[in-house]
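So this first bit is one chain, no partners, the form predicted alone, shown in structure tokens.
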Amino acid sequence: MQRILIDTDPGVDDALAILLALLSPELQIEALTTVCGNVPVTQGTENLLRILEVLDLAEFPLIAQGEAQPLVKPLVTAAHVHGDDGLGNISQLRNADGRPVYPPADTHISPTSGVDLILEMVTRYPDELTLVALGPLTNVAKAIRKDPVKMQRLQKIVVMGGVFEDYGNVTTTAEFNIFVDPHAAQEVFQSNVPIDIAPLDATHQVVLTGERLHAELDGRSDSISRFLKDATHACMEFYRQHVGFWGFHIHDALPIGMLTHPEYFESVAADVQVETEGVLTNGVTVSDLRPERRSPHPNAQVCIKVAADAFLDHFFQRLQ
């Protein structure tokens, strides 16, 4: 069993990734930390608690709230994609008696900061812990700044972020998580910690259509199925209007699959740098992935290909 810590900015695809991880017997989630990104960090922490309440957990992982601002840039959020609350506006849903349909889980939030909880978990599980970063890399960079030697005792970091040969999803050239805090991403990629990256080039290969979601879930009344339909509705409508299909990309679920079913994924070694100064290219991840041009000094493994059908089938099998 792999010990993991999930660092997340809970939006809709983060929610799907967290549920997938909690339902994966190959993984032991030791802790969850929140960071600003899709929504402000306080909203993200509340979202995390709502996600956890969907599952009937006997015991909760450790939870800590992390950084509220990127290292240098002002915060950019994505409520226009994920709904005002970042979870498809499920916080507004009420039962007939007025109680929330999706209340926050009644569990403890550590007084420790997200950054310090990351370092505490590395201390507890040296050379065993994998850090799964589903949002901007602010917490991770600050943990590296605070104790770079200790952070090298991570087994690896798995990052959902970046884009190399595809278009970006926040600007023409940049993916959201890296764009929000490019300075943090650059520091993480230079940390000498082993890094696996699931960029948009890979995540765009996995399309969850509304038709597939409803074919899998209609007629089911369990809490996970209800949550999946309620939480994804706003995202799917955004994609229908702005991307051209009814559905969405479940970006953050891919790093979980990379840990549990690596045979679905193909990666290449790369030297990844992040543009932090450019006006038109701020947040772009730069690397030459052509086989004849790859760097002899890679700092990451970049996923370039996914067995999309197999992964989606696995996703639904686990969540059911």
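Note that residue numbering begins at 1 and tracks the sequence as displayed. Quick caveat, the model's predicted, so the values are computed rather than measured.
This protein has a second form, the form predicted together with a small molecule, left out of what is shown; the following refers to that one.
Listed stretches are 115 to 123, 244 to 252, 229 to 237, 188 to 196; the contact stretch with the small molecule in the model of the complex is 244 to 252, by a heavy atom cutoff of 4.5 Å. Interface residue remark: N89 is not counted as part of the site for the small molecule in the model of the complex, having no heavy atom within 4.5 Å. Contact between F176 and the small molecule in the model of the complex is found at the 4.5 Å heavy atom cutoff. In the model of the complex, V140 stays away from the small molecule, with no heavy atom inside 4.5 Å. Looking at L200, you'd find a heavy atom of it within 4.5 angstroms of the small molecule in the model of the complex. The single contact residue among N38, N47, T33, T285, judged by any heavy atom lying within 4.5 Å of the small molecule in the model of the complex, is N38. A heavy atom within 4.5 Å of the small molecule in the model of the complex is found for exactly one of N169, S225, Q155, T77: N169. For the marked spot (D181, A184 and E275), a heavy atom within 4.5 Å of the small molecule in the model of the complex is absent from each of the three residues.
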